[in-house]
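Quick heads-up: it's one chain on its own, the form predicted on its own, in structure tokens.
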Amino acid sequence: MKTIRLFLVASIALHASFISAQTAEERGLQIAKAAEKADEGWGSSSVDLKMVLKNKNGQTSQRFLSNSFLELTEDGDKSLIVFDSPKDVKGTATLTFTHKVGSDDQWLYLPSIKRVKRISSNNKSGPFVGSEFAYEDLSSQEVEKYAYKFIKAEGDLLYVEQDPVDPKSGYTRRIAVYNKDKGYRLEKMDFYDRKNSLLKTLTYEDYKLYKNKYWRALTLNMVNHQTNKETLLTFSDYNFAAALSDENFTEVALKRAGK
């Protein structure tokens, strides 16, 4: 037993020395890869949600929409968002192809003109349909899209700086907070603008575990510190049996979804 104890002590010491030998950049990247690995294999899913917009005076308005997702391994994920109500946004739809390398592809369908508009890379930092989310916030979390730097650990929480690789990003950096004991799920994200001032904070709440592996937050709250506006997203249960494919994420599907 004494030999086993000595072996365990030596192993723990070796592991601790390995962590301390890592640079902040190496550990940050390691955490990002661990988060990606923990969420692999879900395939496709869909969910209905409510969006509540709050202006600086506290007045609110509601929107209802649906969101579908398709997981890809060779490249970033795909997503389709369709607004169901109210009348002024009904039928508006957004299609996003996230790429691990290079700018993402995004299209917006506007039912008022019955046309699909491609969103240029220069406009990705613009607000998504009047919310506090930017178009680039709709992209999936791909490791290759950022450079990383570990900041600190507080109990189960790991703080990692993420610097966008894309020079056209509206952010200089993001500070992500991962929960290492809950599948490296995100708990909070701070966004810094091009002047490196704190712009927004996104909090992830009301997590639910699906298929004994995949954590999904059922409440997202984006607060804009510079305008005092907020956007609250409340999700219903995710459907992981949607069996979606590439055919559900095309420009044809985008037009069809918006009608």
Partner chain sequence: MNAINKAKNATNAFAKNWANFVIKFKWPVLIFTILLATGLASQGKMQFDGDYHVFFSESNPELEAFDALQEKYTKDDNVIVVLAPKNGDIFTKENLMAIEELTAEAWNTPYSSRVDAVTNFQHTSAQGDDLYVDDLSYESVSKTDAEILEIKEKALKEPLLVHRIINETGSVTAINITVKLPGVDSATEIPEVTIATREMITNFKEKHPEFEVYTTGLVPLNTAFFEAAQRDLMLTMVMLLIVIGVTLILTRNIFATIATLFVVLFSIMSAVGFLGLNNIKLTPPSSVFPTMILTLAVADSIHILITFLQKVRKDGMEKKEALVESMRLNFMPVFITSLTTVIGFLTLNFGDVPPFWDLGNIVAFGMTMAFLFSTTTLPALMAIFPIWKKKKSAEAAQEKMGWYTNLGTFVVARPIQLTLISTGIIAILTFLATKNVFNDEFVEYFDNSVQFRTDSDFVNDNLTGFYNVEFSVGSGESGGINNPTYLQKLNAFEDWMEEQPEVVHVNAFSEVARRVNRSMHGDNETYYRVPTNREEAAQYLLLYELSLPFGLDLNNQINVDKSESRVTATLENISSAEMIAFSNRAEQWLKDNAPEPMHAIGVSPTMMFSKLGFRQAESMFNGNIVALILISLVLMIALRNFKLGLLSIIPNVTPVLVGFGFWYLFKGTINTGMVIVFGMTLGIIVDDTVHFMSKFLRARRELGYDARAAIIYAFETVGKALVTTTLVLLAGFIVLSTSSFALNSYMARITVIIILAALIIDFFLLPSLLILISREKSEKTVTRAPQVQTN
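Numbering follows the first chain given and starts at 1. Rigid core: the largest C-alpha set superposing within 1.5 Å between the two forms. Quick caveat, the model's predicted, so the values are computed rather than measured.
Just so it is clear, the following notes concern the form predicted in complex with the partner chain, a form of the same protein that is not shown.
Residues 43, 76 and 163 are none of them found to lie within 4.5 Å of the partner chain in the model of the complex, as judged by heavy atom distances. At a distance threshold of 4.5 angstroms between non-hydrogen atoms, residue 213 is out of contact with the partner chain in the model of the complex. With a 4.5 Å cutoff on heavy atoms, residue 94 counts as touching the partner chain in the model of the complex. In the model of the complex, the partner chain lies within 4.5 Å of some heavy atom of residue 170.
Proximity of residue 101 to the partner chain in the model of the complex falls outside the 4.5 Å heavy atom cutoff. The contact residue chosen from 50, 194, 208, 37 relative to the partner chain in the model of the complex is 194, the criterion being a non-hydrogen atom within 4.5 angstroms. In plain terms, the part of the chain that comes close to the partner chain in the model of the complex, with a heavy atom within 4.5 Å, is 103 to 111 out of 176 to 184, 139 to 147, 103 to 111, 152 to 160. Residues 55, 56, 57, 59, 60, 61, 63 are the members of 45 to 78 with a non-hydrogen atom no more than 4.5 angstroms from the partner chain in the model of the complex.
After superposing the rigid core, the C-alpha of residue 164 moves by less than 2 Å between this form and the one not shown. Residue 237: CA moves less than 2 Å between this form and the one not shown after rigid-core fitting. Once the cores line up, the CA of residue 140 ends up less than 2 angstroms apart between this form and the one not shown. Relative to what is shown, residue 122 and residue 142 are closer in the model of the complex; their C-alpha atoms differ in spacing by at least 3 Å. In the model of the complex, the Cα positions of residue 122 and residue 77 lie at least 3 Å nearer to each other than in the form displayed.
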